[in-house]
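In structure tokens, one chain follows: the form predicted alone.
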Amino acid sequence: MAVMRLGHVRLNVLSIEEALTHYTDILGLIETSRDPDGTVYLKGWDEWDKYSVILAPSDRAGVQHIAFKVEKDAELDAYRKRIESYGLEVEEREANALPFCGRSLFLRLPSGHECFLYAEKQFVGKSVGTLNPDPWPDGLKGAGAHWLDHVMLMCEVDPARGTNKVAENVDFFGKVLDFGLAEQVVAGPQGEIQAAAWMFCTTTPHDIAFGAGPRAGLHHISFFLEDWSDILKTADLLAKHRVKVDVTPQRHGITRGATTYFFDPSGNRNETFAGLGYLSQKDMPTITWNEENLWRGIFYHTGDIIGDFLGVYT
């Protein structure tokens, strides 16, 4: 029984057409379907399921839900029992309640974020196919993002009230969904506050991350690129198209990835991320960063505080 990967993210956007231009022409995602209300489904060229990003029209930006794909449909029943035994409410949704998917489970994470588990999603295939494929397809736009890599959620943490939704999410994902804890940031005099965490279900440093904030929200969604040169090229594209850049090309200490951060037209933060960092395995010791080295962990080259990187999110 296993959660295989982050299946998709449903984003609220203020203008579908502006968002679609951003995610297709600049990031290079591919539109695979569109609903009558304007909701758009997108995938990366190296993904094989119907979509990994849903853009939904809304009057407020942010994440509507995240979804994880499990290996087999029968495992949903076992996960339902686990979730209920843990103490969270879970609802079974019929096939196509999640568009183009089989039946699914809906729950609210301890942090309050909406989450689905599903096993089946319509298959469309990679853009290069599976028979004697080329390393990349012709006709890619913009950055040519390979796939949706990970998501970082902001979770309420208030030591004065004894609230730490980062730690609660880590406990849930570890005990119920069998995620590993690759890295963490600890704060407080004795390092007693888990202020951020990077967790994995695959073999990359993180499939989901949690950060501390005054309220629940979305810090960023991230798209995988092949290497550092692609990160630089993307930064050039962002400048060319006058996209609001949050952080110019950098290297993370945490996860070791190469990165650029920027915003979509609705204010949702995006990241392009390159390099697998290191091989994550369930028996790997968790890497810990203390509060004094937080910014070196985030931006390894300088260790400088960059703007309101941790305070601005949707």
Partner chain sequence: MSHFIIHVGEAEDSFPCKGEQTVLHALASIHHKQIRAGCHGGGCGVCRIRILKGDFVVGCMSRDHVNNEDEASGITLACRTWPRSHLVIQPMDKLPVRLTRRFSLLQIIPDDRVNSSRDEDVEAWRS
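Positions refer to the first chain, counted from 1. Since the model is a prediction, treat every value here as computed from it, not as a measurement.
Same protein, other form: the form predicted in complex with the partner chain, not shown, and the subject of what follows.
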>> Counting any non-hydrogen atom inside 4.5 Å, which residue from K72, K244, K240, K175 sits next to the partner chain in the predicted complex?
In response: K244
>> Looking at V157, L153, L148, M199 here, can you tell me which has any non-hydrogen atom within 4.5 angstroms of the partner chain in the predicted complex?
In response: V157
> Hey, with the partner chain in the predicted complex, do I30, S33 and P137 all fall inside the 4.5 Å heavy atom range?
Replying inline: no
>> Within 4.5 Å, heavy atoms only, one stretch in 249-257, 277-285, 33-41, 55-63 touches the partner chain in the predicted complex. Which?
In response: 55-63
>> Given that the partner chain is not shown alongside this chain, does A195 nevertheless sit within 4.5 Å of it in the predicted complex, heavy atom to heavy atom?
In response: yes
> With the partner left out of view, is V312 within 4.5 angstroms of the partner chain in the predicted complex by any non-hydrogen atom?
Replying inline: yes
> Can any non-hydrogen atom of L20 be found within 4.5 angstroms of the partner chain in the predicted complex?
Replying inline: no
> Is there a heavy atom of A212 no more than 4.5 Å from a heavy atom of the partner chain in the predicted complex?
Replying inline: yes
> Who in 257-272 is close to the partner chain in the predicted complex, meaning a heavy atom within 4.5 Å?
Replying inline: F263, P265, S266, G267
